[in-house]
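Next up is one chain by itself, shown in structure tokens, the form predicted alone.
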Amino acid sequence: MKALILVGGFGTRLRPLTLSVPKPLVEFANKPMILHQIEALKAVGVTEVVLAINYQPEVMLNFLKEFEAKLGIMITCSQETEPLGTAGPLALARDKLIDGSGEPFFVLNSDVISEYPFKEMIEFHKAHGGEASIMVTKVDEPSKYGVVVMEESTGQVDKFVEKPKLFVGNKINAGIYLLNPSVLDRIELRPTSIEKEVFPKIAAEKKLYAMVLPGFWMDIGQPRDYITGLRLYLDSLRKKASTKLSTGPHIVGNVLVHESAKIGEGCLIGPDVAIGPGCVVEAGVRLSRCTVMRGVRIKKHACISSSIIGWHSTVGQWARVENMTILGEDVHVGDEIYSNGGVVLPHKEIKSSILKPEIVM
């Protein structure tokens, strides 16, 4: 089986982290986002993953080469010279996706984190015999999304309603698809949307089916949702593989600490924290709802909540970092500094407090 991951563009919503690496390589729960997907695809027998990309393909490929061997899966790039939307990349990668086997292939949005129930999806797809399957997930506020209106018992999709003013349903497209090769015949090589142009036509022919995603789902393409996604992911990890989570008197709730990180005396860590490789957390530090990436040093008695600390950054003694503060790579926050929602670009030194959310160039 094959899979296409829509990697897309510049990752502007996750800046300043994406100023250092392409978005799919930004770590989520101590692992590059895209690796969560590739590992799950490999587990259900996918042998080749095609990355549809228009930005820094060489950076991506160089990074993923080591995982090709480790996971025993082929990873190739299909590079767009102009942005082609969500359907155009499928037409561009046509030759890579069609191998004559007639097997369906997966298409994924690279920002989506979930339990990836690919095995169930394959079974669902084979059972309904249609042309395409999409995953849908239930949301509390459907008016913010495109809603999928479907027949509850069979999963057959009736229509799509973009950001409905009146309630038509609470299931939205989760950005995970399983498509027969024949779907490629419906797509022209031009900028085009799979959600707005391709799927409605398949639905009109009664060949599109939707499966409700079991477990959690989050689009982690922006900081607030990234932090929420981490909570959901760690919660799911507790249910499935709780031994991967850290335990101890200094841990509250779900916390993931890399084995090479060092944690000092008298810290209180959690809930919903990920600490990356090589980090040093000194004595008396308080961490909650945050991600601390590779090589970060957090000095004594600092307090960090609802924030992302980028690679190789430092947070000074008694500093307080909160309210969606995002530090880019190699940012150094001085002692006793307060950051309230500061978004700090890479390679900066912060010597005075950031009292209201702002971008520090």
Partner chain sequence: MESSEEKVVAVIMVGGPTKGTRFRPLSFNTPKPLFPLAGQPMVQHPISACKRIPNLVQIFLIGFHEERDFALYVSSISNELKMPVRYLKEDKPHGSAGGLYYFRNIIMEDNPSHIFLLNCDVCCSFPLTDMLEAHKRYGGMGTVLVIKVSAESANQFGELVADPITKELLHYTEKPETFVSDLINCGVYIFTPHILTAIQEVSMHREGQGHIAANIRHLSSFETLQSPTRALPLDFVRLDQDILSPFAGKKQLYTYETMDFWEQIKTPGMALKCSGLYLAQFRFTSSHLLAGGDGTKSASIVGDVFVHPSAKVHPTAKIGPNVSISANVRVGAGVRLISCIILDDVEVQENAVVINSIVGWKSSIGKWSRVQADGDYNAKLGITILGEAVIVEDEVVVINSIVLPNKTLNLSVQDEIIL
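Residue numbers count along the first chain shown, from 1. Just so you know, these numbers come straight off a predicted model, no measurement behind them.
One more form of this protein, predicted together with the partner chain, exists but is not displayed; see below.
Q: Although the partner isn't part of this model, could you tell me whether Leu25 comes within 4.5 Å of the partner chain in the model of the complex, counting any heavy atom of the residue?
A: No, no contact at 4.5 Å.
Q: Given that the partner is absent here, does Thr12 sit within 4.5 Å of the partner chain in the model of the complex, heavy atoms only?
A: Because a heavy atom of Thr12 falls inside 4.5 Å of the partner chain in the model of the complex, the answer is yes.
Q: My question is simply whether Pro16 lines the interface with the partner chain in the model of the complex - judged by any non-hydrogen atom within 4.5 Å.
A: Output for Pro16 is yes: heavy atoms within 4.5 Å of the partner chain.
Q: Is Lys351 near the partner chain? Define near as a heavy atom within 4.5 Å, in the model of the complex.
A: No - in the model of the complex, heavy atoms of Lys351 and the partner chain never come within 4.5 Å of each other.
Q: Heavy atom within 4.5 Å of the partner chain in the model of the complex: which residues of 114-128 meet that condition, in order?
A: Sequence-ordered list is empty.
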